[in-house]
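Before any questions on binding or motion, here is one chain by itself as structure tokens, the form predicted on its own.
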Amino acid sequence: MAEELKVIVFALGREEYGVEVEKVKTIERMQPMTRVPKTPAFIRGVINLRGVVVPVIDLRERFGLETSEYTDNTRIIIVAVNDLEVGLIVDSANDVIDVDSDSISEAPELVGGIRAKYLRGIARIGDDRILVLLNLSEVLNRKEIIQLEHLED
């Protein structure tokens, strides 16, 4: 019997991506960030979210996609990765859908310029919609997680 995943859908450019709802803490509007020296360029800085310092990653930069200006639709999706809260900057976040696990197939080596290791799979939604599911534990590798944990000290 197929399992259903509840997924938050967000956009980077013209592509739609998804991340499991249970990994998402909250979705925030863009807000001022404090830049942290000696961090990779894709780490935009940290925000103070209700008393918790959260590192924020620009997913476009992380995936090597063309950067764009932030707009009123830009959002920060706060996710939990290995007990660490991290913000992901996305172009927009606008939908929650159920995905049948049988509709998920393995990601090809490269999807929209993004390497397969960052992707959990590709889900077909209906006849004409494709959703790229993120593998959050790979979006941040172990070394980067350790570096981010020290930002909180």
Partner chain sequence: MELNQYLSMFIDESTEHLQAINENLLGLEQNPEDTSIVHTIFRSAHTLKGMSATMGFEDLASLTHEMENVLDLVRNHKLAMNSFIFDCLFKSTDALEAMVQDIIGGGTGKADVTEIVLALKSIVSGDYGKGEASPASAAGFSPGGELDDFQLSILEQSLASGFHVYRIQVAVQENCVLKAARAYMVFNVLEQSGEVVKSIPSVEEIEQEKFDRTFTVYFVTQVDGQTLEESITGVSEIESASAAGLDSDSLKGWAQPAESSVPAAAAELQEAKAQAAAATAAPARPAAAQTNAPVASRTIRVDIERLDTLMNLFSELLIDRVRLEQLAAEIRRSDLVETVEHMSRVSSDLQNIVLKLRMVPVETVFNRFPRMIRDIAKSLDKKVDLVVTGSETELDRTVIDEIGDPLVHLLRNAVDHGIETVSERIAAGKNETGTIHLRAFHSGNHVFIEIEEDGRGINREKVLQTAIKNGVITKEQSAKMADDEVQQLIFASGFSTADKISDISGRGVGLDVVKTKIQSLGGHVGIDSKWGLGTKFSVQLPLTLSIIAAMLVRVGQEKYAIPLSSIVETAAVPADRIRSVHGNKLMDYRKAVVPVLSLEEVLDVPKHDEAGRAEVNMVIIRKGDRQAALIVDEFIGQQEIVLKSLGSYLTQVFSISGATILGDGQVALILDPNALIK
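Residue numbers count along the first chain shown, from 1. Because the structure is predicted, anything quoted here is derived from the model rather than measured.
Below, we refer to the form predicted together with the partner chain, which is not included among the displayed structures.
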query: Stretch in contact, per heavy atom within 4.5 angstroms of the partner chain in the predicted complex, of 45-53, 123-131, 65-73, 89-97; finding: 45-53
query: Contact assignment for the partner chain in the predicted complex, among L84, M30, I27, A116, heavy atom within 4.5 Å; finding: L84
query: Close approach of T34 to the partner chain in the predicted complex, 4.5 Å, heavy atom; finding: yes
